[in-house]
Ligand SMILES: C[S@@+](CC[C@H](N)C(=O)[O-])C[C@H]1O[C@@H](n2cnc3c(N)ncnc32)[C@H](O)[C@@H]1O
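This document opens with one chain alone, in structure tokens, the form predicted alone.
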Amino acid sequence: MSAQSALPSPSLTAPVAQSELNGLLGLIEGLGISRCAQLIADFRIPDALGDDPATAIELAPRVGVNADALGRVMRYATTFGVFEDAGGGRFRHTIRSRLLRSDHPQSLRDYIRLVGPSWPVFGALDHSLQTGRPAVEALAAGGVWEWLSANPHLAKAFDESMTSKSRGDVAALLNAYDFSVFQSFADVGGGQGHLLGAILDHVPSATGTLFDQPVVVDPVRDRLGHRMSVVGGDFFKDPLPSAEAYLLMQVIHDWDDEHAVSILRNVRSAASARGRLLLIEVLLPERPVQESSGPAWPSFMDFAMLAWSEGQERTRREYDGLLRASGWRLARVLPTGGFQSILEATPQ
């Protein structure tokens, strides 16, 4: 007998387990949680709350909002761990609310703020379901970059969110891998160089090259240290810098299999026979994680990629296939303690 046939027949009078009803209602509540967190980040409410508990009446003038509405927003936020009820209408910080402060070294404030620009993109996911194409193409035929180019304020929010996320990931990566075994790095598609800069700080004897599109790297040339050089180019066709280790942090997930293999082949062409490739990606589990088993962040990210790009999250097996097709061999996979993993590959 299958699990499906073992289910009781639906009835208007037969009770449904409250846990199942709560589970479905929780799907609706997710909308409120994400929007509430975004409002808290947008209005810098964690910045306004100091080390001592404070009431919404005290905080409201500091952030320019209505005190009653602020109290209700903060009260709801306590239910998902952002702020804590200190009694007497006062709120105090939690680890989560401190991570939404703009001055936290691993602040996720700008990453949470991406919820706002994401609304119209996620709202167009019916386009993806019907066509298999990114939802953002329903807003701009040329995809995400055309849409962001036409909306500079959204482009700014998008860039800030990616920078915020990379800062938050760096500490876990540095603790998960011994980067000191290399003396030169090339960060391919490395954005503004946050990962490479952190590695060079961690390995004082090493040097690195930041490689990305000229429009990305040109503005940061003057802000980089003397051990980091910058090369602008196209990682599909331009020669890549020479290095002992090549870093690609959440680059491959932006592309379909054909383009992913093309990027990896170009890196392989630049690498020596003793070179190393370090892919830093979110790994999908081989089977979906059920709600009761913990957060399904990798599957959510894969869902989000359906909205934003032609890329996708992949399983270890799928990355192994891409690496084999591009001249690499997957040597090992190192967890970082979070949802990202480091896939270390060597030349075939």
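Nothing here was measured: the structure is a model prediction, and the numbers come from that model. Counting begins at 1, following the sequence as shown.
This protein has a second form, the form predicted together with the ligand, left out of what is shown; the following refers to that one.
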Candidate spot A186, R227 and P241, all three touching the ligand in the predicted bound form (heavy atom, 4.5 Å):
no
If contact means a heavy atom within 4.5 Å, which one of 116 to 124, 147 to 155, 102 to 110, 187 to 195 is the stretch that engages the ligand in the predicted bound form?
187 to 195
4.5 angstroms heavy atom contact with the ligand in the predicted bound form for G233:
yes
So in the predicted bound form, does any heavy atom of Y76 sit within 4.5 Å of the ligand?
no
4.5 Å heavy atom contact, D254 and the ligand in the predicted bound form
yes
Even though the ligand is not shown here, does V203 get within 4.5 Å of it in the predicted bound form, heavy atoms only?
no
Please identify the residue among T209, S166, S97, S128 with any heavy atom within 4.5 Å of the ligand in the predicted bound form.
S166
Partner-contacting position among Q213, S269, S262, N175 - heavy atom within 4.5 Å of the ligand in the predicted bound form
Q213
